[in-house]
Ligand code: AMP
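In structure tokens, one chain follows: the form predicted on its own.
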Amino acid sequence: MQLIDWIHAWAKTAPNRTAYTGEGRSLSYGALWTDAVRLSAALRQFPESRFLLRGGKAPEMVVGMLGCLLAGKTYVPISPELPAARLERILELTTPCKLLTADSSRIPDSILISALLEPLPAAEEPAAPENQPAYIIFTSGSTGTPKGVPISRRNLDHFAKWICGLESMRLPAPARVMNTAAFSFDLSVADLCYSLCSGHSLYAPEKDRVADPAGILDFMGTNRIETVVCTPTFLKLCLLDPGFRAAQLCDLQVVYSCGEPLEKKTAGKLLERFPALRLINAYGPTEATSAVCAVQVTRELLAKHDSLPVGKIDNAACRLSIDRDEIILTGESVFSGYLDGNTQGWYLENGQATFRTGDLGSIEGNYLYCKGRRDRQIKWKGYRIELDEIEQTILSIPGVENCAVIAKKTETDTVRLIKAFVVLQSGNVDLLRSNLIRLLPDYMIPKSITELQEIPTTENGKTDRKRLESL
């Protein structure tokens, strides 16, 4: 069964049930389907196959995604906070495309999604080929250019079936699910698929409601949230509030954690405050449709293992293997190469898509463990970041002679902050930071920028990053 079939089934059997709530407005399953069908009819009039969806958490964003799928088009979700320079680069990489916006703060050459929802002939057409991209998500690229990851309709349908089939995630519909990730971040694929394919109601808080632990607690309590899909960083923020416990949030039953390592300390605190909670630790890169394996973290698991496994082999969405300590993924979850034609890490094995993740890991018994990276890629607040892209961006700014970027980590190898060291010919650190705000998303801007007379090097002339870590 395809994702769009699941949503259509809920639109027919429970048309008045809330499908999505965001930015103060709600959309029922019936209205979601009707609007998406209308939008798909309008999108078919355009020759372009790709549509950039720019908006926050407005309901029109969800309509836009489903409308593109129904029209056989590819959607590219982008954040409204994306710097103009980065947006222009993504537009170049996805051309020919159309830019759709979900809010009134339009930018040049964009089209309001709501303006395309006029009643039109809405006869449904045959679904697009399975290998056609359903969406493209852009991640950080080591060359200084954002990297487009196309995920096919087959990949997406396979992921939806996998996450909805996880026994530990199952709740009777309609459950209330909290969305925490931006739609431009692949973790949002998990809450959208899990919620809309299961007949649940997805709630997206306004940005200022989740800026602090008290706001999160209020949102979850007011909406009686039962399931949260989030990063470990989000969980750490929640745990700062002593009121984040079962006595205050008695409806919370499931937490699905993904996007970065979940530390035993965090998991232990969470289970201590919510004794009956089902805590799921999941793993998977953007190139394999959000996640490929998961494991329920219990007190017994915490006591038995020195570090937390990131999934079980017997419930994985694809084949997991280890080659020279690197995690290899093979099967229907895996993409078919990057947008620019780059197949780095991707290849065919016995006719099946295979991806070398760059993640170091091991398989012990029935469990997969992730133990860091081969390269300088990091996970920070759930986002995948290439430190080399930050370096290349800083070096492109006039007045910068040299630069080195590192990630400061905890004893358990969790990223604590990003630091940059620069040698300047002109200007100052404040001017440099103001330039970075125009060029990079907020989560990629180093928290600390230190000016040096020179970047230290090793005996063979390479940047001495270990020495920088001590500064």
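Worth saying up front: this structure is predicted, and the values here are computed from it rather than measured. Position 1 is the first residue in the sequence shown; the rest follow in order.
This protein has a second form, the form predicted in complex with the ligand, left out of what is shown; the following refers to that one.
Only one of 224, 209, 305, 373 comes within 4.5 Å of the ligand in the predicted bound form through a heavy atom, and that residue is 373.
When the ligand is considered in the predicted bound form, only one residue from 392, 377, 233, 330 comes within 4.5 Å through any heavy atom, namely 377. Although the partner is absent here, residue 286 sits close enough that one of its heavy atoms falls within 4.5 Å of the ligand in the predicted bound form.
Contact between residue 359 and the ligand in the predicted bound form is found at the 4.5 Å heavy atom cutoff. Contact annotation: residue 258 falls within 4.5 Å of the ligand in the predicted bound form, judged by heavy atom distances. The closest non-hydrogen atom of residue 297 lies beyond 4.5 Å of the ligand in the predicted bound form. Within 4.5 Å of the ligand in the predicted bound form, a heavy atom is found for none of 11, 60 and 200. Heavy atoms within 4.5 Å of the ligand in the predicted bound form map, among the stretches 189-197, 346-354, 92-100, 275-283, onto 275-283 alone. Contacts to the ligand in the predicted bound form (heavy atom within 4.5 Å) from stretch 298-321: 310 only.
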